[in-house]
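This document starts with one chain, in the form predicted alone, laid out as structure tokens.
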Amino acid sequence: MKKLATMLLAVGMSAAIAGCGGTARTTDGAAQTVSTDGSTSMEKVIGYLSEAYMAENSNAKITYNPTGSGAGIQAAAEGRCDIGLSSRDLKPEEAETLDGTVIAIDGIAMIVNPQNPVSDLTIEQIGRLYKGEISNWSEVGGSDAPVVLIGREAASGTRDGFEAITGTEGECKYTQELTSTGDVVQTVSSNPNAIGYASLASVKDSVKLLSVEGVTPSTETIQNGTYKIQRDFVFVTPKDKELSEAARAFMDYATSEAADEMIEKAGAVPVKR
């Protein structure tokens, strides 16, 4: 009888952990929260994925703390969240202790105020603009007006990706360095002389989207690589620590074909399978 009782208890606990859709639950049926922390550029992507997942798994609770890529990577490394969110690939030193799983691709959109007549720039021109070598819009076919350079703070994955691609690391002459993608979009929309970069998923009608070397960012041009200013959206987890059942179930969903529709609705691009 003792053995039978032990077996029944084990079966009951296993069922409680498995839960609906593989999400972990406590023995009283309460949901286990999956905490995510990091990239502000991934706000829409994580939002759509979380809402869709929780709709199918009523016992699941996914939380999101928008702190920036660098902070999210650090939070994952220190065990302060289940999944870190980064809008850049891990650096070699980070990859020694952390795993990075690409869940989507994002175009880094170049945006200007709708009043700006400029519609296309080359990567070279963008680099020269941000290094201060081009300081007036008239030099690239625009109006006779000073260029106002809007960018992200040093810990931003968006900034890291942008500067790596445009060859401007450590050389940008920012007029303003802002702490979120939304702030960049808002600032550019209110200044006719401003230029900024932002996650394509976060671009609104309040700003004008530029083509780069004749290519406009889209699902097709990002997946086939013809749009050059792009980066990965990454889930970051520790190498030496197993994910909880709840976190593993959510990650499995986010990296499956079932999540592609939500990724596209969020304005990002699914990984080509």
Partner chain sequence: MSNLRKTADALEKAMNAVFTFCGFLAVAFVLVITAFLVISGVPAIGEIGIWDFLFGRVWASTAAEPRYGILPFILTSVYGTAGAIVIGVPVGLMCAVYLAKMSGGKSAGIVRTAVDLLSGIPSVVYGLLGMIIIVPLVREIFNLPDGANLFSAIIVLAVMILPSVISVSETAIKAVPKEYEEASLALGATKTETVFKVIVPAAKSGILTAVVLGIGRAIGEAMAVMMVSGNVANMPSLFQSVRFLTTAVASEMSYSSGLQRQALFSIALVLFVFILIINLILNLVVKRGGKNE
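All figures in this text were calculated on a predicted structure; none of them were measured in a lab. C-alpha atoms forming the largest set that superposes within 1.5 Å between two forms make up the rigid core. Numbering follows the first chain given and starts at 1.
What comes next is about the form predicted together with the partner chain, which does not appear here.
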{"query": "Options 123-131, 136-144, 190-198, 101-109; stretch whose heavy atom lies within 4.5 Å of the partner chain in the predicted complex", "finding": "190-198"}
{"query": "One residue of 118, 148, 90, 203 in contact with the partner chain, assessed in the predicted complex (non-hydrogen atom, 4.5 angstroms)", "finding": "148"}
{"query": "Distance check, residue 179 to the partner chain in the predicted complex, heavy atom within 4.5 Å", "finding": "yes"}
{"query": "4.5 Å heavy atom contact, residue 175 to the partner chain in the predicted complex", "finding": "yes"}
{"query": "The partner chain contact at residue 95 in the predicted complex, heavy atom, 4.5 Å", "finding": "no"}
{"query": "Close approach of residue 68 to the partner chain in the predicted complex, 4.5 Å, heavy atom", "finding": "yes"}
{"query": "Core-aligned CA displacement of residue 183 at least 2 Å between the shown form and the other one", "finding": "yes"}
{"query": "Core-superposed C-alpha of residue 144 shifting 2 Å or more between the shown form and the other one", "finding": "yes"}
